[in-house]
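Here you get one chain, nothing else, as C-alpha cells; it is the form predicted on its own.
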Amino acid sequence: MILASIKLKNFRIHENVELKFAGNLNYIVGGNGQGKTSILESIYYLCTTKSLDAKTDSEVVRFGKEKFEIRGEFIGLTEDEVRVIYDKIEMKKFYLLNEKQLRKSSDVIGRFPVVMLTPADHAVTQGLPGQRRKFVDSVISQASNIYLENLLDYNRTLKQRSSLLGKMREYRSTEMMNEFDAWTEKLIETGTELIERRIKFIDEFSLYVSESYYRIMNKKEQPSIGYFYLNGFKNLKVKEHFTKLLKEKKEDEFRRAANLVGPHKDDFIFTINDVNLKTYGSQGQHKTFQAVLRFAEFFYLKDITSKTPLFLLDDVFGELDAARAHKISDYLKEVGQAFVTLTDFGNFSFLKKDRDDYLIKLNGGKVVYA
C-alpha cells in the first residue's frame, strides 16, 4: 500500500496544495512554519480520522476559514480515495472512503496502517504510564479490530461506572448497588480480554523490538518490555485475580468515587540489559529506544495485517547523533514508503536519496520537487 497523492484545502497554513509522492522515500524539506509537520498530520488524519496531537479538529482549520478538506489516493490491491472534511461552524467531521461515509473510527483504524515517529515520543519512554498504554493500545488496535472494539467498550464501561460511583459516594440504594454490580461484571469481562491480549502482544512484539534494536545499535545489549498489570500480578488466572482485587478495593472505590483497578492502571516497563530505561537511561538510549519501538511497530503491523504501513518521521534526525542517525537512515530503506521532514537536506549528508525517491521543498506555500 502506498499513498500516491494528497490534496489539502484550508488545512493549517495550507490554503490549497497538492502533493504527489514516491513509493519509497519522500523527504519533505522546509524552514520553520512552512507546514512540513502539517503534511504528516494530514496523512495521519487519512489513516486514523484524527490528528496526532491537536486537541480539537477546529484548531486545524486555516485561520479565517470555516472548514478543511484532505483528499488522499491510496494504491494497493485496489485504488481508494479517502476524504476527510471538517466543518467548523457545524462542528462535524466526515470521513469518506470512495464517497461512502464511514461513521465509526473503528471502521477506519487499521484499514490504512500508519506508524509515526516524532520528538514527542519521548513521553512513551520517559512519561507517565498512560503514554505507554496509549502506544501499546494504538499498535494492537491497528492490528485487531476486535481489540479496538473491546477497548472502546471498556472505556465506555469505565465512564459509566465512574459516574455511578460519584452518585454512590453520598447515597447507595439497592437499585444502584445492582447497577454497580452489573457494571463491575462488564468491567471484569472486557478488562480481562484487554489484559490477556496485551500479554500475548508483548510476547510477540518483544521479538520485533530485539531485532530493530540490534539493527540500529549493532550491539549485544538486550532490550525488553515487561507488562505490569493488576498491581504486578503474574498468573494465567487473570479474571479470578481481577475479581478478587475489585472486591478488596470496593470500599476504597466508593470512598474515592474512582475506578481503582483494571487495565487502565497498567504500565509497561522498558529495560536494557535488565536496567530500567525510564530511571537510568541516557538521552541517547531513550531516543534510540523510541526509534526502535516505531520500527518494531512497522514490521509487526506489516506481518500481522499483510499490509505495508506508511512510516512518518517528523524532525527526528536533528535529535540523533550521527552514528544512530546513519543506522536509522539505512534501516529506512527497508520499510517501503516513508515520509521524512527536515529543515535542510544539506545538513544531513548521511541520508541516502535514490533516483526514485522524492525531495519535496516547501517555501511560502509553493511546492518544488528537487
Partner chain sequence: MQIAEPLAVAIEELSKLPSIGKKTAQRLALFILKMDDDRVDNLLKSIKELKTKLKSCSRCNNLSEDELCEVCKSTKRDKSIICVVEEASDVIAIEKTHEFSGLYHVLGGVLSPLTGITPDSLKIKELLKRFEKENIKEVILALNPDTEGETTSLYLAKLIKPLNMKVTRIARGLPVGGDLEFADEATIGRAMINRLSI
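In this text, all values refer to a predicted model and were calculated from it rather than measured experimentally. Numbering follows the first chain given and starts at 1.
What comes next is about the form predicted in complex with the partner chain, which is not displayed.
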Next on the checklist: So if I measure heavy atom distances to the partner chain in the model of the complex, which of the stretches 95 to 103, 77 to 85, 265 to 273, 186 to 194 falls within 4.5 Å?
Outcome noted: 186 to 194
Checklist entry - For the spot marked by I146, K167 and A182, is every residue within 4.5 Å of the partner chain in the model of the complex through some heavy atom? => result yes
Checklist entry - Is there a heavy atom of N259 lying 4.5 Å or less from a heavy atom of the partner chain in the model of the complex? => result no
Checklist entry - So, in the model of the complex, is K219 in contact with the partner chain at a 4.5 angstroms heavy atom limit? => result no
Next on the checklist: Considering non-hydrogen atoms and a 4.5 Å limit, does the partner chain approach T157 in the model of the complex?
Outcome noted: yes
Checklist entry - Does the partner chain come within 4.5 Å of any heavy atom of T125 in the model of the complex? => result no
Checklist entry - If you check T279, Q283, N235, S163 against the partner chain in the model of the complex, which one has a heavy atom within 4.5 Å? => result S163
Checklist outcome for this item: Only hit among E175, E240, E204, D252 for heavy atom within 4.5 Å of the partner chain in the model of the complex is E175
